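Shown here is one chain on its own, the form predicted on its own, set out as structure tokens.
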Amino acid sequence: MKVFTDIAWGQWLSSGFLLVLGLFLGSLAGRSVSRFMAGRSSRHHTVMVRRLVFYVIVVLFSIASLREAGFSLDVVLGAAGILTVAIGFASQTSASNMISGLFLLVEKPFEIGDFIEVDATLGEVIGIDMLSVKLRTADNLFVRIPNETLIKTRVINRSRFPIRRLDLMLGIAYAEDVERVEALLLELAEKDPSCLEEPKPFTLVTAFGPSSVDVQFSFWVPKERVLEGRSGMMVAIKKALDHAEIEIPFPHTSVYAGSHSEPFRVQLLGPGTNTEKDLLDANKDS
């Protein structure tokens, strides 16, 4: 019982109260800052400031809580330094991710809400933390990518600029008039509401393929209408070329497997004609 009576319960209760109060005030201040910055700044900056406010308040109240509990701040800071060095050696990967996260926050190659492509993963950025970046893919999958990977890998930001250029490749038969096809494509771009007038759409003859003349058709659309613009234009091109009776050649494939796959013999017989099988059956009966 003497052990319990020697404990300074008042100090520990005050210390716990300060810690809980710091968490409460930090969360309240973070939400208030988030509401204030909503509409005045980007989501990326709003999240950064909200977390910064929360952690600063929590750290200040944690220090006050430790002092209230009777801990010497010098000893705590010394222990924290030793602990930080130990953790740094034990978790070099985490430290590397944290440093990479700082570079990402300063450089800002993307922000929350952007669509980025990392290796073969394409998704919307829904979180940028100290250790990793969270993506939501188009098929609603959650993907976590370590910050170190983003620093070392090529990252494509597909929504950084307000407009995108779409390049469609099509082939036409050698017998067709290329200039007529180019005029037809440019006319489609003028009629399509998704296509922008500036920058102007254009066509290029890119190659003479094995069975077609390859043409590149490029036009610009707003970034939020990429899928709609690509699909709608491809359907319009198919209809327009069919209507103009312009041939779109497709590759033909011939399969040859050597002498073991000789073609079957086909023979057209008239009425009353005896086949080899009939002659063999007649000889067998006799």
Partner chain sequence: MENNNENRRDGVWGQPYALASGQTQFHQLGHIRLWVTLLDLEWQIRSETLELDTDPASWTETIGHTLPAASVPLQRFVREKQSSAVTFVPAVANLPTVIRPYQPLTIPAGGRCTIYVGTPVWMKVCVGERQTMLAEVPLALPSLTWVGRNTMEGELCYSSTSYARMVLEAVPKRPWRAVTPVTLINRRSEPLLLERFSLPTPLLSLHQNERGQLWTPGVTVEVETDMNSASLHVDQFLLAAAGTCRPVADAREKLARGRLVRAFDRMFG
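Not measured: the values here are computed from a predicted model. Residue numbers count along the first chain shown, from 1.
Absent from the display: the form predicted together with its partner chain. The rest refers to it.
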According to a 4.5 angstroms non-hydrogen atom cut-off, is P249 in contact with its partner chain in the predicted bound form?
no
If you check in the predicted bound form, is D139 within 4.5 Å of its partner chain, heavy atoms only?
no
Quick check on M130: any heavy atom within 4.5 Å of its partner chain in the predicted bound form?
no
So, C195 and its partner chain: in the predicted bound form, are they within 4.5 Å at any heavy atom pair?
yes
With its partner chain left out here, work out from 158 to 166, 121 to 129, 143 to 151, 207 to 215 which stretch has heavy atoms within 4.5 Å of it in the predicted bound form.
158 to 166
Heavy atom within 4.5 Å of its partner chain in the predicted bound form - qualifying residues of 197 to 224
E197, E198, P199, W220, P222
